[in-house]
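The chain below stands alone, shown as structure tokens; this is the form predicted on its own.
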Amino acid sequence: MQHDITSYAKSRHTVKAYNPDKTIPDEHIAKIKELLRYSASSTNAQPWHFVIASTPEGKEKIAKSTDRLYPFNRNSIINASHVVVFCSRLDIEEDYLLRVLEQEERDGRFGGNPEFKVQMHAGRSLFVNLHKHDFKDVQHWMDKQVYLNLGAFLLGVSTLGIDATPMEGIEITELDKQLGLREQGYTGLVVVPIGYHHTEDDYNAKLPKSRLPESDIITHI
């Protein structure tokens, strides 16, 4: 049965309790990986990395980042089928920009036109350097691209019948340490347990959705 895209936006919710006995099938995990890869980002910079934990050991490493300040988040991480850690790059240097450029060429983005390739690199470098040297907010700019991905991800998994819980209630320093992220050139931003909610214990599933009225948030001109 086909659904209008807004039906998923209206029905998805932030899960407060997961069913530990239900596992996301492999074919859906494959689609989830594609969702992560094909998200939009400014200038197609893709300044992100993702860690997907499905084993008890992997989920425990992530859960340690909740223990000191956010213990209420531990059970969702442990009981979810999988946990996705959304990470941002710590830098965006020339060698990385060239790697993106070469991938675009392999994927046929330039149609064999070397001039278009040069223009693409110059345009992307312009924006990166503006944030790096003029605005001096390149880390924040990269983080914002990861949040673009997160928004698409939450809606995307809902179309697969998969529940999700975006969490900023984590200690980033501990998370990065547990996963060895900074040594790889990344830092964690958001942890997202995914799976299937516990019918009895997930109180949020029983509550009506609440949003500000359209008149408050949309202006027509």
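Just so it is clear, the structure is predicted and the values come from calculations on it, not from any experiment. In case it trips you up, residue 1 is the first one in the sequence shown, and so on.
What follows is about the form predicted in complex with another copy of the chain, which we do not show.
The candidate spot formed by 40, 44 and 209 is fully in contact with another copy of the chain in the model of the complex: every one of the three has a heavy atom within 4.5 Å. Although the partner is absent here, residue 108 lies within 4.5 Å of another copy of the chain in the model of the complex, judged by heavy atoms. At the 4.5 Å threshold, heavy atoms of residue 192 stay clear of another copy of the chain in the model of the complex, well away from it. For the chain shown alone, residue 10 is a contact residue for another copy of the chain in the model of the complex, at least one non-hydrogen atom being within 4.5 angstroms. Another copy of the chain is not drawn, but in the model of the complex it has a heavy atom within 4.5 Å of residue 204. In sequence order, 96, 99, 100, 103, 104 are the residues of 76-106 having a heavy atom within 4.5 Å of another copy of the chain in the model of the complex; the partner itself is omitted from this view.
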